[in-house]
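Only one chain is shown below, in structure tokens, and it's the form predicted alone.
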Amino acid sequence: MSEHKPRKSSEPKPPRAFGWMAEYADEHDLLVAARKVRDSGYTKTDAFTPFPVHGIDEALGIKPTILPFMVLCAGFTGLCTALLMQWWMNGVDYKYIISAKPFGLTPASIPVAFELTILFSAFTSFLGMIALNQLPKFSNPVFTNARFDRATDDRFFLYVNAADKYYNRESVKELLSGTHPDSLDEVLEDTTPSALPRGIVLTALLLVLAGLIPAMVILNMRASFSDLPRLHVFFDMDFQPKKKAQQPTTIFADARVMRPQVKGTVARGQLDEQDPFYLGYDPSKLSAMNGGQSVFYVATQPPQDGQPADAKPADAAAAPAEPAQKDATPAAPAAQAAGTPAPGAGLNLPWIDKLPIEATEENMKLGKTKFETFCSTCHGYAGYGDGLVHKRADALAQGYWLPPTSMHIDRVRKQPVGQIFHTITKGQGKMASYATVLTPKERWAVVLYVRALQLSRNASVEDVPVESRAQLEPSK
């Protein structure tokens, strides 16, 4: 008697059923059907809607997730791990004194404990969400239903999974039919062949092989030597497509890379060098005074009270001026070329004689604040040159201290406002420039306050309005 093996049937197996899915026209019908399915004891259910539906979790009987509890436990674990690790490392295993801190746990251990608490919580939150949602899931049996595409448009679907412990094919069908859905379909297994077409496989293989070519070229270049310049896929700082300053070029007719300034334009950031507001004098008038040539004056001696400054004119194109005497500032070649007066310059410039800012209460307060902050230390609060610095130097009596200039002597009172502004900007003698700490407007505000101090100390009755003079008369 011979044994015969049963032949495999060539008939295809029927597709596997995964459950039933009902379609509804609005969210109200979906909620009613979900509550009915929930009350029947089914738990492996799901709903698909084009927008969030309030109350769907309660209608499906979905219990609160345990993810927050998992994150809490992970955070506590991270905290304990950090504290235990630091205690063991610094208090037991390797006792090392750090900034005289005690061994073991200290307040300095809190940052590490905090960071590990956050780290453990973050990873648990991310990985726990993926695990509880059974992700990644690259396909779902509900995708086989052609009507399911409208779940992201205008239809609502309720799905009962066949994996539910109370699932019965006919009972679920009858239950969902009683909710009056627009359609009711059984979710079946996708019978589409899973094997990739041969053409796709060959194309993918060719792409993988082609991707190895750049790697092999790079490895060959790193392992070999060459006397040729390397290829620059991305131009680095050592090899840039540019022209250097002293190189010739064929782009311009004069073959020069460095371009001269365009006539009649002002370079960025140099507009203040041509504006009287920033200089204290009018550069256009200065040029006109000297026949179109820029002329500056350098004081050879510090001017005395009531005497004019000993100034010496110098042409911008001439040779550098001779060294000035004591307390004078020599003019730099750059200042000659630009026609800009050097610090300590003489007084023959076309100074501005009218304040470019209004004598308002706001500007007066600004000038008073800046004067008392930067100027009163030497010149005194009233401008008589009796500031704290002078008093200290005078008390030391070391012999070489020059008293600060009083703002009320005739020489200073007769100076135009532009000259006072220029002195604040450029400095004078031992007085440094305040251009770096005071804006042009603040410097003009200081000039305004200096003028107010001078008027207040050198005023007469004629300077007071007639209607206010009666207030100055002594009471009888």
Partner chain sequence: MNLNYDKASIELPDAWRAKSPIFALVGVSCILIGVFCFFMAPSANGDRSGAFKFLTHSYLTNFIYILTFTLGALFFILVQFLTRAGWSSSIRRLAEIIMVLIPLIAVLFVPILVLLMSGNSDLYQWNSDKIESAIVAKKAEVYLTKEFFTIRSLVYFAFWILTSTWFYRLSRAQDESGDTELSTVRQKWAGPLIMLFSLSVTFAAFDWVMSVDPEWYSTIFGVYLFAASMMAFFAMMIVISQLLQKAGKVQKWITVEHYHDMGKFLFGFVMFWSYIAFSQLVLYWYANIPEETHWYDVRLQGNWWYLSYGLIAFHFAIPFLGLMSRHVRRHRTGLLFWAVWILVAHWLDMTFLIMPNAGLGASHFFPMLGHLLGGIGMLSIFAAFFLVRAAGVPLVAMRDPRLPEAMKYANPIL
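Since we're looking at a predicted model, the values are computed, not measured. Numbering follows the first chain given and starts at 1.
Below: the form predicted together with the partner chain, not depicted.
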query	finding
Region of this chain that lies against the partner chain in the model of the complex, out of 106 to 114, 379 to 387, 251 to 259, 204 to 212 [heavy atom, 4.5 Å]	106 to 114
Contact label in the model of the complex: M289 to the partner chain, heavy atom within 4.5 Å	no
D46, heavy atom within 4.5 angstroms of the partner chain in the model of the complex	no
T265 within 4.5 Å of the partner chain in the model of the complex, heavy atoms	no
The partner chain contact at Y167 in the model of the complex, heavy atom, 4.5 Å	no
Contacting member of K430, H28, H54, K414, with respect to the partner chain in the model of the complex [4.5 Å, heavy atom]	H54
Contact residue in the model of the complex, from P136, P229, P193, P102 (heavy atom within 4.5 Å of the partner chain)	P102
Any residue of 60 to 96 that, in the model of the complex, places a heavy atom within 4.5 Å of the partner chain	L72, F76
